[in-house]
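Just one chain follows, in the form predicted on its own, and it is written as structure tokens.
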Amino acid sequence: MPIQTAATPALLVDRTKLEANIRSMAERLDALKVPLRPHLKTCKNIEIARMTLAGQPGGITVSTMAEAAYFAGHGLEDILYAVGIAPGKLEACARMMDQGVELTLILDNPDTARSAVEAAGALDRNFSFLLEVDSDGQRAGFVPDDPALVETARMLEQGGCTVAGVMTHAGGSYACRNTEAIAQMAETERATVVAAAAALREAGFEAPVTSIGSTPTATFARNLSGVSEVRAGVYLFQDLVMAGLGVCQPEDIALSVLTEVIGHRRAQGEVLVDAGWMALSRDRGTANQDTDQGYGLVCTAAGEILEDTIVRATNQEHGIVANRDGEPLDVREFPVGRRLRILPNHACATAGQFSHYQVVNRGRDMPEVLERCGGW
């Protein structure tokens, strides 16, 4: 098993928990009668991607051109590139379309639309776009009653591009303090895209796509009428930020970093491990939540959570394990060589530090090591 043999630090994924998380989201959206277009920026792996697509239409969401190329190379060709398109990437997009990829792009301002129209003419391509709308004031985007929304759509259409619809991401849900607030954010997210799509349709555009997405809002939405698809990604693994929001329990987190005790700070009652911020990331997403998990929550090698034992601080390659309340640990319980697992604050950021996963509880059809695509 990886927990005994893997060189540390190592990225572990627990298949049993992964499958449970995938099943839970699928059942949730099935009850709301909306399909899933999974956001694969979190997993970056084809085997896991195929697990998420079981029973779904087959479209995926990515955040990098490298992800798009990787998944297209494995036969997933209905791809939404869900980052505002940089004009310098449009030539690469055209090449990908020439290879048979059904690629949809997004933009959120008329300046980018002008660049897209110029590129469409120069490259003789019909680029397909979703217009991003701002549902929470956290990022750029059109608002439904802004005349620029329709004007930009008209500019794209007249320039030989397709306006497929609208999309939004309620990133503000990550700052909510309780599940009722997340449910309200989910309704705001839904209402915003529905209103934006209505504005486009009134102006003569079909705008069939109304795409929303975040794991918290997907989890707590009560009504998704008018929404054509949901994008979510971190739900696959869950993490401590999601646990702090009430989206999951720490026991549901499928991702962890395997580490080994390498020393002690005996006077302080603290333990040194070989997983620093290069392994855990610098993400401190729980710092403003009710429970601050430091740089990660500590578990035994078997995955049993050691309550209130966290990675208090990190250096590049060192983690400092301590009690949350500052009381000294009994370092005799953490001898040099003992293996531990760290649950991450932010699954995307922590997984991004590694080139592959080691699989715990793997099935017959899943290899022990899973690659992760990288780059942009």
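These numbers come from a predicted model, not from an experiment. Just count from 1 along the sequence shown to find any residue number.
We do not show the form predicted together with a small molecule, though everything after this point is about it.
### Heavy atom of residue 266 within 4.5 Å of the small molecule in the predicted bound form
So residue 266 does not count as contacting the small molecule.
### Query
Might residue 215 be said to contact the small molecule in the predicted bound form, defining contact as any heavy atom within 4.5 Å?
Contact with the small molecule, yes.
### Message
Please determine whether residue 165 contacts the small molecule in the predicted bound form, using a 4.5 Å cut-off between heavy atoms.
### Response
It does not: once the small molecule is placed as it appears in the predicted bound form, residue 165 has no heavy atom within 4.5 Å of it.
### Query
Within a 4.5 Å heavy atom cut-off, is residue 174 in contact with the small molecule in the predicted bound form?
Residue-level check for residue 174: yes, a contact with the small molecule.
### Message
Please identify, from 140-148, 284-292, 179-187, 227-235, the stretch that has a heavy atom within 4.5 Å of the small molecule in the predicted bound form.
### Response
This holds for exactly one stretch, 227-235.
### Task
Report the residue, out of 103, 82, 199, 261, that has at least one non-hydrogen atom within 4.5 angstroms of the small molecule in the predicted bound form.
Contact residue from the list: 82.
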